[in-house]
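Single chain ahead, by itself, as structure tokens, in the form predicted alone.
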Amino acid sequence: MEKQENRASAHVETKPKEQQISLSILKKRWLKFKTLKRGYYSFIILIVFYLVSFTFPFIFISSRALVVHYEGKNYFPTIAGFYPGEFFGEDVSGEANYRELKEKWKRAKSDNWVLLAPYEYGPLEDITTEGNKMFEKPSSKHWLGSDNTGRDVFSRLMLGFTISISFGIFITTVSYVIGVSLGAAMGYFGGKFDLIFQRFIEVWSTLPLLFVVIIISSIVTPNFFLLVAILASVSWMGMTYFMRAEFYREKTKDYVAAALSMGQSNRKIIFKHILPNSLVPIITYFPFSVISGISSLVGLDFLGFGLPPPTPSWGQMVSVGLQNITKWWMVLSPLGALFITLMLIVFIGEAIREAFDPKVFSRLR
């Protein structure tokens, strides 16, 4: 009897502990993702570098000075923008050359001073800026050399990273909003609504994207958001079919029948019940959609139908590098940056796919 009582008391004591350590399925997936070191560290590196890259033009990489102390007052060109050379007593009509200004005041032992960014060359200044030369080899001055117009390759590479990742995220987000919304409606309502939009998607998928971009580029100068709109207008169809299949499967389950019997609205059933249970394809497919967006931008820029010059673009840099194939730094730099970025995103995508694998946490294992 005493042994049975001890076992019962032990069972009562351990049960609250088991309840305390029970985790939600999302928490378990996150912990599983953290154990996949290659994908987890790639995620940390990419996110940190992407967030820090927004500060590059203001703190780390800029031909404009961080601070100019002139005649007892402080000016902040990286934040305030354009200051003509005449404003600081230079005999130039354009923007002040802060590198020369710093050396000039230093030689004159003036009370005025200039604080430059750690990397003193911006992505847009070319041979019209005194001191810049075409096809300079990598050195301590230009870390990755200069291109055919005298623009610094390293600064263009860093700013091109921000533009490429932002483009991939933007186009994926827009595509997801359209694809998830339409796919959910098709899968949930079915019937004629589903048939009509299936035929619409089949017709719309035959749209020749490259010809559309060429036509639009010949009429207006393409910009970041216009290209996002054009590419998103055709890239939403894949996610639509994913969500349609998920909703067709989920709406046949008992919890949906129970919600309908309780009189809940279609809107609440879709967003509160079915959609949270259909997030696996959305999350696992996201990194690979970003890769597709980046590759599309690089391809359009390479062909000359992407972002207009002198916008820093990896595709444009690859194109210029292949036209000057003997200048190895102009080819290897953008291709190397593209390879490393896409490789990190692939590692993230593989880790997410493994963490969200339904077999991992199945009760039937």
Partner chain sequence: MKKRYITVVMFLMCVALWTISGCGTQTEQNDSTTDQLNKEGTESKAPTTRSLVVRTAETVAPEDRETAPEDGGYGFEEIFEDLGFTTYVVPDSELIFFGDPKAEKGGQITRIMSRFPATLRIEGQHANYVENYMFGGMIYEGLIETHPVTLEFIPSLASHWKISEDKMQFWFRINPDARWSDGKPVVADDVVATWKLHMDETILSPSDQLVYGKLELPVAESKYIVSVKCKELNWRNFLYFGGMYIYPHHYLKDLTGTDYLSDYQFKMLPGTGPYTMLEKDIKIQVSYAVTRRLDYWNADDPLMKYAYNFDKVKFVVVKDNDMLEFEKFKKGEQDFFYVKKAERWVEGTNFEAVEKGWVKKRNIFTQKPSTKYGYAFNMRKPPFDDKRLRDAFSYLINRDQMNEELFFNLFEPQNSLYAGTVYENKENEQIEFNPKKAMELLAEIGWKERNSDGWLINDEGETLRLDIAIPKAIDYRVTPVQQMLREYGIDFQIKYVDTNARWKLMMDRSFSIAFEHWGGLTFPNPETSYHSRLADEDNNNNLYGFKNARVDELCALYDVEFNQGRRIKIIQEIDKIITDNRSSFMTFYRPTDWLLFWDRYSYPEYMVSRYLNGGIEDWSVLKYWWFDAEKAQKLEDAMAKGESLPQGELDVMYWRNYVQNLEQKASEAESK
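Residue numbers count along the first chain shown, from 1. Given the structure is predicted, the values throughout are model-derived calculations rather than measurements.
Although not depicted, the form predicted together with its partner chain is the subject of the following passage.
- Contact check for Tyr255: no non-hydrogen atom falls within 4.5 Å of its partner chain in the predicted complex.
- When its partner chain is considered in the predicted complex, Ser93 lines it closely, a heavy atom lying within 4.5 Å.
- Among residues of the shown chain, Ser319 is one whose heavy atoms approach its partner chain to within 4.5 Å in the predicted complex.
- In the predicted complex, at least one heavy atom of Lys327 sits within 4.5 Å of its partner chain.
- Note on contacts: among Met262, Val220, Leu279, Ile79, the single residue with a heavy atom within 4.5 Å of its partner chain in the predicted complex is Val220.
- Among Leu124, Leu226, Ile283, Ile269, the residue placing a heavy atom within 4.5 Å of its partner chain in the predicted complex is Leu124.
- Comment: 297-305 is the region of 65-73, 26-34, 297-305, 42-50 lying near its partner chain in the predicted complex, near meaning a non-hydrogen atom within 4.5 Å.
- For the three marked residues, Ser166, Ile169 and Phe247, no heavy atom of any sits within 4.5 Å of its partner chain in the predicted complex.
- Residues Asn148, Thr149, Arg151 are the ones in 148-168 with at least one heavy atom within 4.5 Å of its partner chain in the predicted complex, listed in sequence order.
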